[in-house]
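Let's start with one chain on its own, the form predicted on its own, as C-alpha cells.
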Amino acid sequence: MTRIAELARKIPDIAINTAEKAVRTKSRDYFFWSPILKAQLDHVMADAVVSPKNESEVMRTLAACWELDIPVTPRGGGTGNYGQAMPLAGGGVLDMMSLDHVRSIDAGTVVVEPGARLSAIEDLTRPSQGLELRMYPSTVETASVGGFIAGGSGGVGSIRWGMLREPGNILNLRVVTMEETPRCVDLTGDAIDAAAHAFGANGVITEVTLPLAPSYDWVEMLVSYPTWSQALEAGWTVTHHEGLWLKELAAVEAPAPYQYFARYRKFLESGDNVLCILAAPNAVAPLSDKLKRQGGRIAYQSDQLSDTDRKGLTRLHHLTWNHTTLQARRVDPEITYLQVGIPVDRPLETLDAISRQFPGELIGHVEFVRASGRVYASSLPLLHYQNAERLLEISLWLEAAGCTCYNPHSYRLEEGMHSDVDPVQLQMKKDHDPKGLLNPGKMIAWENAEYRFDPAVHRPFPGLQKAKS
C-alpha cells in the first residue's frame, strides 16, 4: 500500500484527490515568471491534494502525515511568484481554500480563516462597517489571506500602513503544528514575525486577526511625465506629504505604460513615464495641484470619466505591484522582473543610475512604501531576460551600488529575503515541525544552521524532486 493510500485509509472523511491533472494544477504557482525557476521546478508535482474543511481536519491530516512521514505543503490561492506553495519533495498539497469563513468583524478588526479571498473579506467589511483591509496584493480578487501572510510582504496600502510584518498589521496568527499530536498555537507580537512570510514552513495558518482601516471610494489617477527622473522626483515628494491620504503610488518608466497597459493606452502617449495613484477623494485636489506644479499631466482620473471612457477598464491596482510584470508578460512573455531595495539615503540618484546603466534592459517600476517610520522606494523593475549569467551580473552590479536584491528567481526563503539564518525562525521550525515535513526545501536553515547569505551563490535543495525520465 502506498503512503497516500494509507493516508486515505486513516482520514477517509477528508477529501483527497490523486487525479493527475488536478494535482498538477494545485502543485504550481506563478513560478514560471522566472525562466530560472521554470527550468528548476517545472516537473515538481505532489502525490495528492488534501482539502480539509476546518481546523480539526487540518490537525487530523497533519497527524496522519506525520505518522506516515508524508511532506505537506500548505497552499492558498496559488498566486505566489517563486514557488512558495510548490511541493519540492512531493507528498501532499494541503489546499486551505475551503477554510474561508469570516468569523467576526468588530471594533476595527476582522477574524478570518486562511482560505478567505481578500476581496471577499472587503465585500463584507465595507458595507457593514465602512472599513477595509489596510493592504492587499494586486491579486486581491484571487489571493487568500493565509497565502498573502505566508508568502507576501506588502502591497496596495503599504504607502500608508507600512509592510505586512510591521507591528500592528497582523494582530494574531493561529497556526497548527506538525507533530504526533498537533497543537494550535496563537502567535502575537514579535512571535508573528517567525511565521509570517515563512511559506507555511513553521505551522499551518488556520486563523488570522487583522486590523481594518477606513474605506474610501478611491480615486484612480495616472499622471504622466516626460522624463523618468521627473516622475520619480514627483512620486518621492508627494509620498512624504502625510496629509495626502494615498492608498497606492507607483512609478513606471517609459515605454512600459504605453506598450503594456493596453486598456489604458487611450489615455497615454508613447513617451509617458507614469505615476499610478489611488487617492482619497479629499486628497485629489491638493495632490493634483502638487503634481501639476512638478510638470505632471493628469492623463486619467476615474471620477472624471464618461461611461464610454470607463468601458473596458480594469481596476488601477492591476497596473501595480506584481501586476505590472503580468501586464508586460501579456505582450512579451520573455519579460521577467527583479525585486530591489533602493538605498534610503540616495533613492533618486540610485534609480537614475540604474536607468542609465541598463537602458532598454531594465525598465523602471518603483513602489513607494513606508516601513519603520521612513519612506522607501521599493523597485520591481521589468527585465528583458537574456540568461542566468547576465541576471547574476545585473544583481551583483545592483548590490555594489548599495541596493538589496531580494531574489525572486529562487525558491529558497533566505535567498529571497537576502538574509542569513534567522535563529528565532529556525527555533520555531524545530518546535512546530520537528521532522521538517512542512514545506520542505524552502528553508536553508533547516539543512544548515550556519548558513550565511551570498548573492552570488544559489544553494539548491538536496531533496528536490527529480524529473521523471
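Heads up: residue numbers just count along the shown sequence, starting at 1. From a predicted model like this one, the values you see are computed outputs, not experimental measurements.
The form predicted together with another copy of the chain is left out here; the points below concern that form.
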message: Can you tell me which of 374-382, 360-368, 325-333, 262-270 lies within 4.5 Å of another copy of the chain in the predicted complex, counting heavy atoms only?
response: 374-382
message: What I'd like checked is whether E57, T79 and T181 together line another copy of the chain in the predicted complex, meaning each has a non-hydrogen atom within 4.5 Å of it.
response: no
Heavy atom of P286 within 4.5 Å of another copy of the chain in the predicted complex: yes
- prompt: With the cut-off set at 4.5 Å between non-hydrogen atoms, does K311 touch another copy of the chain in the predicted complex?
  reply: no
query: Is there a heavy atom of A256 lying 4.5 Å or less from a heavy atom of another copy of the chain in the predicted complex?
result: no
message: Is it the case that H240, even though its partner is missing from this view, gets within 4.5 Å of another copy of the chain in the predicted complex, heavy atoms only?
response: yes
task: Sort through T227, Q301, T109, S119 and report the residue having a heavy atom within 4.5 Å of another copy of the chain in the predicted complex.
output: T109
field: Contact residue in the predicted complex, chosen from L171, L392, L348, L305 - any heavy atom within 4.5 Å of another copy of the chain
entry: L171
- request: Determine the residues of 292-312 with a heavy atom within 4.5 Å of another copy of the chain in the predicted complex and present them in sequence order; the list may be empty.
  value: R293
